[in-house]
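Only one chain is included here, represented as structure tokens and corresponding to the form predicted alone.
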Amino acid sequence: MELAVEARSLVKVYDGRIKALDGVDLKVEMGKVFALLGPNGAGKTTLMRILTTQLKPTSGEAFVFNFDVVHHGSEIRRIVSYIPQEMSVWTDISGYENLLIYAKIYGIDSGSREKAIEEVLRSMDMEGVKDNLVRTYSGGMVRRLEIACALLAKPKILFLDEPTIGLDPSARKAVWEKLTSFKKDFEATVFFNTHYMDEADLYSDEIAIINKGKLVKLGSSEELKHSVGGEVIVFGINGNDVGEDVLEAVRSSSLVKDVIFHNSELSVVVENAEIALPSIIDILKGKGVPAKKISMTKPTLDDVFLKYAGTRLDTIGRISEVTQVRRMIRRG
């Protein structure tokens, strides 16, 4: 098994006091699609920037295709491409001109540039808009251009920080179709952060949940959902009046596997929802906690994230923030 990424006891401390990464151990196999899930400030971008040699770790080790990120930065930069959340193309020139600049940055010789640019334009379905100013592109087209620029180098591993945040569902699907095609054609590894649970679920081979600088759970989507177990009963509670005594009473039931209370929702993990529901309702009534609505589901990645990170991803707020910034940049 050849590893694309390996981290050992990786620590990053900012200003001598803010611990962004706290002993991260990680292995990512070559040719896999790896997703990193975590709330804002969990350490996702810090980890990615260390692996792409933009930051040095405070302690620990990290390797990309066996190259040490501290001592072999130039070797790593030849085989990776990185697409940040921030806009990475110029909006006052055309898509073609952006690709030409990146081709020169990557050191593609003048005799091969046109062919390389044509290939990535075709792979991203952008031949028809290559001469248009980037400020006239939609958000999805801008992201596809950024990916096209990154693919010019034909990287062995592609790092993407929130690759489709703020895009509409059809644009997100189009981007992932292109990424999947690139991975297959070049047997590349894809390492990405995302706020979209469905992306991690649909496209990744393995998922890691990171919280407060620590990796708290790792596995395939199915393995993670199976780790929650059974079914999930969600009770909508009026207000935030669920105390620790209520949680302990529910948790003490032999029919209950886990209990989490967050944002006026009591999530109860059970083996069989139909059997457990009457008993849990009786416990809540006995504690004077009325449920305004009840729903039952199989565990989702959102349930997995809530269990291991203790919160839900603030998807709406983060998407709105990034979308607004990128739109402002595009408009100049």
Partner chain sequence: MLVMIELELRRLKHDRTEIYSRAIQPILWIVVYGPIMGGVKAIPTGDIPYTDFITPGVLIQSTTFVSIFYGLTIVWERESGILKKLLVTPASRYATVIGRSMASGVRAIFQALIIVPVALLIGVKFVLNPLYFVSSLFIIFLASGGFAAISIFVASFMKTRERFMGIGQAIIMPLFFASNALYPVKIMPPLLQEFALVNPMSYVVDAVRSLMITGDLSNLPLDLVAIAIFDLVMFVIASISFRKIIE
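What you see is a predicted model, and the numbers here were worked out from it, not measured in a lab. Numbering follows the first chain given and starts at 1.
In what follows, reference is made to the form predicted in complex with its partner chain, a form of this protein that is not presented.
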is_contact(Glu199, its partner chain) in the model of the complex, heavy atom dist at most 4.5 Å: no
Partner contact for Trp90 in the model of the complex: its partner chain, 4.5 angstroms, heavy atom: yes
In the model of the complex, Met141 touching its partner chain (heavy atom, 4.5 Å): no
Close approach of Lys307 to its partner chain in the model of the complex, 4.5 Å, heavy atom: no
Proximity to its partner chain in the model of the complex (heavy atom, within 4.5 Å), stretch among 270-278, 50-58, 290-298, 32-40: 50-58
Listed residue that, although its partner chain is not shown, lies within 4.5 Å of it in the model of the complex (heavy atoms), from Ser221, Ser94, Asn211, Asn193: Ser94
Option touching its partner chain, based on a heavy atom within 4.5 Å in the model of the complex, out of Trp176, Tyr82, Tyr137, Phe261: Tyr82
Residues from 93-109 in contact with its partner chain (non-hydrogen atom within 4.5 Å) in the model of the complex: Ile93, Ser94, Glu97, Leu100, Ile101, Tyr102, Lys104, Ile105, Tyr106
